[in-house]
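As a starting point, one isolated chain is supplied in structure tokens, in the form predicted alone.
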């Protein structure tokens, strides 16, 4: 079942989403894109119930987000914020183990199934050998994989990530996006906030483009990434072309050439 939003508004002092009605299909890899301050993270946090909607209704896999219990929602949806806060001395295995909380009793005692899920999640992201390594000793890309492993251990069918490639160099950006593509291929639904339009178009099969708190367009990258969209949403004059590797939309800004200037004379007056 999909994630559905019906006339949802949300926000805080100085910013508010316009009423949004949206459907995000289960099994998709959806990227939310748009300029800074357009409401991408606000929308993602509202879906995850980090922010309470001011009006409207959200259903996640058939659950009413407003009325369902916290554990029921956490068994359905995993949310990774842009700047997660964890104790500095925590190990990878301990972090991934936090993902089992929705499946545990009040006392939080790890069962055999919990331990197996943690081991399987670390293996899936290639961090089994780092189980006892402190998170503070990992590279940025390894830390991001550890947080994704925590979501996998949570066994929620929907994974929401707010700018998971922020502050990563290009190698780890692609490693993270390749991992999300792999999870998508295995049937997980991934909804991710991204800034790079070409990366979003290459990895996502569904784009939600936002502008000023509204959904400007939704659809397959080839259908919604256009020169008109770039002008209307980003204020950019750019050419769209097919990426030579993937065939997905990429862009190149059109640069205005300054008028030729007379060369400065170095001769003494």
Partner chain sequence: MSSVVSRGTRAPSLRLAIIFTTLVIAVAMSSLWGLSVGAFPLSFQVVINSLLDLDGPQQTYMVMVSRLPRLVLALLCGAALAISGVIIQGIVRNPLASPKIIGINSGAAFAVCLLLALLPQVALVHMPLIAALGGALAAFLVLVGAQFRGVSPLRLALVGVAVGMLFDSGVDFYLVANHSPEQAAPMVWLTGSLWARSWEHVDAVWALLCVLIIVGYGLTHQLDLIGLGDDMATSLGQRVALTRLLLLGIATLLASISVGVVGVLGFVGLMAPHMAAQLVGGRARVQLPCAALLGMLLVILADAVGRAIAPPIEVSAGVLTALFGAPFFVLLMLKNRGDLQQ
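Not measured: the values here are computed from a predicted model. Numbering follows the first chain given and starts at 1.
Heads up, the form predicted together with the partner chain isn't pictured, but that's what we're talking about next.
> Examine residue 232 and determine whether its closest non-hydrogen atom to the partner chain in the model of the complex is within 4.5 angstroms.
Because no heavy atom of residue 232 falls inside 4.5 Å of the partner chain in the model of the complex, the answer is no.
> Does the partner chain get within 4.5 angstroms of any non-hydrogen atom of residue 79 in the model of the complex?
Heavy-atom contact with the partner chain at 4.5 Å: present for residue 79.
> Hey, in the model of the complex, does residue 164 get a heavy atom within 4.5 angstroms of the partner chain?
Contact check for residue 164: no, nothing within 4.5 Å of the partner chain in the model of the complex.
> Against the partner chain in the model of the complex, would residue 189 count as a contact residue? Criterion: heavy atoms within 4.5 Å.
No, residue 189 is distant from the partner.
> Quick one: which of 214 to 222, 48 to 56, 236 to 244, 201 to 209 gets within 4.5 Å of the partner chain in the model of the complex, going by heavy atoms?
Stretch with heavy atoms near the partner: 48 to 56.
> Sort through 175, 93, 114, 155 and report the residue having a heavy atom within 4.5 Å of the partner chain in the model of the complex.
Spelling it out, the residue with a heavy atom inside the cut-off is 93.
> Among 182, 71, 171, 195, which has any heavy atom within 4.5 Å of the partner chain in the model of the complex?
Checked against the cut-off, the match is 71.
> Using a 4.5 Å heavy atom cutoff, which residues in 117 to 147 contact the partner chain in the model of the complex? It's fine if the answer is none.
119, 132, 134, 147 sit within 4.5 Å of the partner.
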